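Quick heads-up: the structure tokens below are two forms of one chain, split into structure 1 and structure 2.
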Structure 1
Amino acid sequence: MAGVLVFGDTVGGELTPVSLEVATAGAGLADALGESLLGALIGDDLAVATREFRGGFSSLYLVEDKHYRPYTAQAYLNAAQKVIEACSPSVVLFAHTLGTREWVPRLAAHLDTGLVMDCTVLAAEGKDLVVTKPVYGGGILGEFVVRGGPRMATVRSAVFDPSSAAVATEVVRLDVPVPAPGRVTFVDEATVAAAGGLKLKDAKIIVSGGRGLGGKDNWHFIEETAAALGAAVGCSRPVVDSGWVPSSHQVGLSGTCVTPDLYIAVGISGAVQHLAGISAAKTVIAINMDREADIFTRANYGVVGDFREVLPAFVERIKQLRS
């Protein structure tokens, strides 16, 4: 077994930015282990993704078929297993996504090997893979030695810089027979449109509301502020659990890790599980009534006050400044 294999992540045939970050993590490990770097993509219509998946891979394995859209765990699991059989890597890395959270642990169990998910540091010590991952919501870092063959890890987004290395010198297509329909069958998919059409992942500015908003009736304060700034709308978990907004807006450990230049947290206390999602935000602003709230230990600037008074004046002034 040799080689560090990096699985890229695609959505609807498009390579997602985190794929290039995982490539960087993989390159570091391949260097340290003195092994080659390999890439892999599973999906439908991968022509563009193949050209965009930079990483300096000596080989890029492709499993391409209509069958891989929409995502189902069984199909991805089967395809990944075939890629691993084809190149027998010593280490396999994946992006940490809602998909890999489902099929990669099943793959690890199937291969009976070691896996740590949501890693922020990856290192080689001799032939050992040593990783760091936040635990207890993010308030504590755990360092783990990963064993088995191949050793596996998923990598948190917005931690590594995207790779700008060359595209693969060789593309290897694998013909993977489509597995028989399993005990889980796909019915359909419903997308819930993001407010204002802006996605959290790509947003430069995010206005995020928490339980402190007090109720769905007050959510317009967040939407109006976001609209004035051309920002995406985010939220903390209780807001999703209470049904004020759909899950796709949730920022944090069990939601999205975001990377905006400006993150405005309104009525959010700053629990570690929330902060886990904004560690890559450049400037954080907190608006909170409680001066002692933990959010002020992460925020660069803060306003201690009631959002019902702070936000209308803020929006008013933004509009003046922008006109």
Structure 2
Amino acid sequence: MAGVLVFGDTVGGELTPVSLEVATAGAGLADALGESLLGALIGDDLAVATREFRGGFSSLYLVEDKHYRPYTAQAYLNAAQKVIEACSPSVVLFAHTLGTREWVPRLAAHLDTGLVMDCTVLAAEGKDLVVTKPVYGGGILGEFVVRGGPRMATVRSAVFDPSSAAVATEVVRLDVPVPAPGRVTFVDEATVAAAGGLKLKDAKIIVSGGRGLGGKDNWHFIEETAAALGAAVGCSRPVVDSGWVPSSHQVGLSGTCVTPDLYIAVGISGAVQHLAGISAAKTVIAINMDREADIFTRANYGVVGDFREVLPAFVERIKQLRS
């Protein structure tokens, strides 16, 4: 049996938006390979996620049990392996998330097969799977031919449009035995309070500050500008490392990769990890005292000047236009 198998991603039993994006990627690849499209979900209380996981799958495989909450990598690895054994796909796709970054490479090692992570393009050349991903901090796009059986890839979020195809025509429930305890034991789970304001991944406008602000006392310039624009607040990694704001605001490869219509970078030098995180932004405006800052290589518009003069004038102009 062959096919393209797409694993959906759930949090607390709810389907995440990126799952439908991976379904779109899988559908295009299945058409190109001339194979069927299959879906799979792993977790606890999947009734809602099953209804929402739209991709036009010929079959949707479910592994549902209470022991998948709380999450452990070994449990998900074991369940995914059983799904793959049940349907023998030629290609397996996953969302690129914190969870899959942990357990999918281990799954590939168990299956002794090829895996490429964080892909932005998936293509078929004959029967070959050819994928593209950013490398060297996003400065270069690398193209890879994936070998093995099944060939595997994780897909970056906000690259493909969400699928609106029909729900699966067939739902197959698999009874997977609980794996024996591994070397990692779940002890406790703590929920971190969500940061206020808009979420970075959903924001159409983001105002970000960097180390060039000089100190936490100047952070209010970022917050006031974001409030005037109805924007989300972002930052570079040094700002988080210095304790000015929570890590949920961090933009970049080690934070959140964002896709806003407008990204305003204030006092951000433009490290490659940060530039990779804003590669999908439609318009970038940079404000920096250093005219040689790397952020200007990505900016559509740039201001060389003191943010303490530029931002208040900008905010005042916005207020005038809206009055």
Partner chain sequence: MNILVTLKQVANPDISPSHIQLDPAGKRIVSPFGIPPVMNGYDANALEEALRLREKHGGKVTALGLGDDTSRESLKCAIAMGADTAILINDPDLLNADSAGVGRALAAAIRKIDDFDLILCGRQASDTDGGQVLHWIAETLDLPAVSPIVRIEAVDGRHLTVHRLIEDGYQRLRVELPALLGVSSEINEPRFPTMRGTMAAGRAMIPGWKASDLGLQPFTPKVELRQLQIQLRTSKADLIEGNSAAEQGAALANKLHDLGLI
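We call the rigid core the largest set of C-alpha positions that still match within 1.5 Å between the two forms. Counting starts at 1 and follows the sequence of structure 1. This one's a predicted model, so the numbers in the text were calculated from it and none came from an experiment.
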Next item on the list: Eyeball the pair and call it: which is the form predicted alone?
Entry: 2
Item checked: Ala226 C-alpha shift between the two structures of 2 Å or more, rigid core reference -> yes
Next item on the list: Kindly check if the Cα atom of Ala286 is displaced 2 angstroms or more between the two structures relative to the superposed rigid core.
Entry: yes
Notebook entry, point to check: After superposition on the rigid core, does the Cα atom of Gly148 shift by at least 2 Å between the two structures?
Noted result: no
Margin query: Relative to the superposed core, report the C-alpha shift of Val207 between the two structures in angstrom.
Written below: 3.8
